[in-house]
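Given next, in structure tokens, is a single chain: the form predicted on its own.
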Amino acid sequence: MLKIKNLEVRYGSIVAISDISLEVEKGKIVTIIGANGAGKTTLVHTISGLLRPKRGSIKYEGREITQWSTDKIVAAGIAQVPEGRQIFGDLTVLENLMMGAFSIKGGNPEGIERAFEMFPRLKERASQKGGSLSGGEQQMLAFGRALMCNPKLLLLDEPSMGLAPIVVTDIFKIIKKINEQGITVVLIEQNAKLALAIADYGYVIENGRTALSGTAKELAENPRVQEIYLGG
């Protein structure tokens, strides 16, 4: 579904990604783990069209999308849940959800019903300002907003960041549920243990390069991954 080859991304003279290659199979959860500054968020932003690579190729469903605009990428079926959730605090829950359907003519009222069905707490708080929600509720809202454009591929950037452990468990259950509905997931996550527990396949990024890859089970059993990312 997604094939990235020899990707290089720079911020001016600073090389954020020097050489990343990876593949994402349709219907799977693929996790990308790595330390802070390894290039994970840069990778997600480049897939989404927010950044332009210096070199390399990004293919989605066989089409070269490396130079596509972000709105065209969203319309093709790729949505992102950004790091830090980035909801609109002054808009209501319902208005936040509607923002996610900007690319769909008519605003996708069916998507709102699906979001409320998946996240009942959002329905209860539909008229509340987004900024008044708890961290876990805001993450649910960020998920719901991304799902409003009916994506086939969902990019999740650090969905567990800043959340209480009990909420994190719920968030990972939601990710699994989304995937079971047929949506392919790319999961950027520092909690490597939880990420590998739900993923089918994984990549380790170090210093802007693809350092390791394998099934989630293989990575979880890799001594280097255990030492650096799994706490022993």
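Residue numbers run from 1 along the displayed sequence. For clarity, every value in this text was computed on a predicted model and none was experimentally measured.
What comes next is about the form predicted in complex with a small molecule, which does not appear here.
Taking the partner from the other structure, the small molecule in the predicted bound form has a heavy atom within 4.5 Å of a heavy atom of Ala35. With a 4.5 Å cutoff on heavy atoms, Glu83 counts as touching the small molecule in the predicted bound form.
Proximity of Gly202 to the small molecule in the predicted bound form: non-hydrogen atoms within 4.5 Å are absent; the residue sits far from the partner. Using a 4.5 angstroms threshold between heavy atoms, Glu158 counts as touching the small molecule in the predicted bound form.
Segments offered: 192 to 200, 38 to 46, 66 to 74, 166 to 174. Contacting the small molecule in the predicted bound form at heavy atom distances within 4.5 Å is 38 to 46. When you look in the predicted bound form, the only residue of Ala216, Leu22, Ala16, Leu212 with a non-hydrogen atom within 4.5 Å of the small molecule is Ala16.
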